[in-house]
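The chain below stands alone and is given in structure tokens; this is the form predicted alone.
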């Protein structure tokens, strides 16, 4: 890798000095980080999401910020009725704010060291300065869902934290996880979570992610998932807040008959930037993947979708679909869309599509003709556009939670 494709990072000697002595794995990751830096704009998969702003901020480890005191869960964190709630503050598991686990077949443990070697630029940073996290294991059909609440906060100085999440679903087991990320106002903070997922043979995992960080926050998330034979992995990601957000999701098909649905939506205003980058590695025959992402952009915001689908020569009977739709609410924002198909097998059914456009004036006229004022009409059309994306959310309770979050975003936008 050429040095010109890299950025010097702010996580150097001063940052490390505020942390306990590193073990061998962390030292090795720090050496790699010192050599490689952060990905720069000349690295193809990062050219739409520059990290220059992040690289200039002198972050301190959140764990060493003595003036941070989060005693209660913020009132605006959604309640997931009947779920086992697991709370992290600045990447550290908080047993005092979390529920006790008594559900059969479910185990939740505090993560202390990286359990998986993830080959991604921000995962190296995570391994170098991992701050905590949780490991979730499902050994049967788990009736109660799990709600992970991640709260970010900074004190007098900008703070960074690097949690590690691991979700393991045993063969024939079933689990639902809702993961919500929230922030407290103040100094900028940087959340750099890495999630490893394993879905065993004939297992089922439904994972839903909401990112609603503070308006000054950085959130760069990396997910890697292995999906075994006849397993199902159903995921939905919703992005509604944060200054710079990137959700990178990489999926490996490791058994025949695996099925993955990876969908999402984002709604942006101001100067917010949100990047969905996905990679579907079809390395087994008779597997399916479906991706549908929808976005709404306003102000000077920027939405990014990069979806790469790789079909190996022996992965016959692959069915892989990609679709991205974006709606412009004004002339100031920007959309970058880059779907890719790399296919080496000949018996496949793969396709991708992308559309962008402004609001249909005929739809606005139709609503105005029925006495709805223009502002309310625009909000109704935006809500309908995003509500259509939520049709991919099968869990009714999660659907209601995410729908309420979208309504809240629209209300905040209307009152701004």
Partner chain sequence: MALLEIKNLHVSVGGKKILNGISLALNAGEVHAIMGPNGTGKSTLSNVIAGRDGYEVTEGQVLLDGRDVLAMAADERARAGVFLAFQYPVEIPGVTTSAFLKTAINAKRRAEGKPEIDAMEFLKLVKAKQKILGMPDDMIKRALNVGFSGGEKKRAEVLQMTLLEPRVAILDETDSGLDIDALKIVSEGVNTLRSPERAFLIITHYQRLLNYIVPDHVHVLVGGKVVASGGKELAEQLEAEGYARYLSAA
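Everything quoted here is computed from the prediction, not taken from an experiment. Numbering follows the first chain given and starts at 1.
Same protein, other form: the form predicted in complex with its partner chain, not shown, and the subject of what follows.
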Residue stretch of 344-352, 373-381, 42-50, 55-63 approaching its partner chain in the predicted complex, non-hydrogen atom distance within 4.5 Å
373-381
Does its partner chain come within 4.5 Å of any heavy atom of residue 69 in the predicted complex?
no
Considering non-hydrogen atoms and a 4.5 Å limit, does its partner chain approach residue 28 in the predicted complex?
no
Using heavy atoms and a 4.5 Å limit, would one call residue 362 a contact residue for its partner chain in the predicted complex?
yes
So in the predicted complex, does any heavy atom of residue 35 sit within 4.5 Å of its partner chain?
no
Across 388-407, which residues bring a heavy atom to within 4.5 Å of its partner chain in the predicted complex?
388
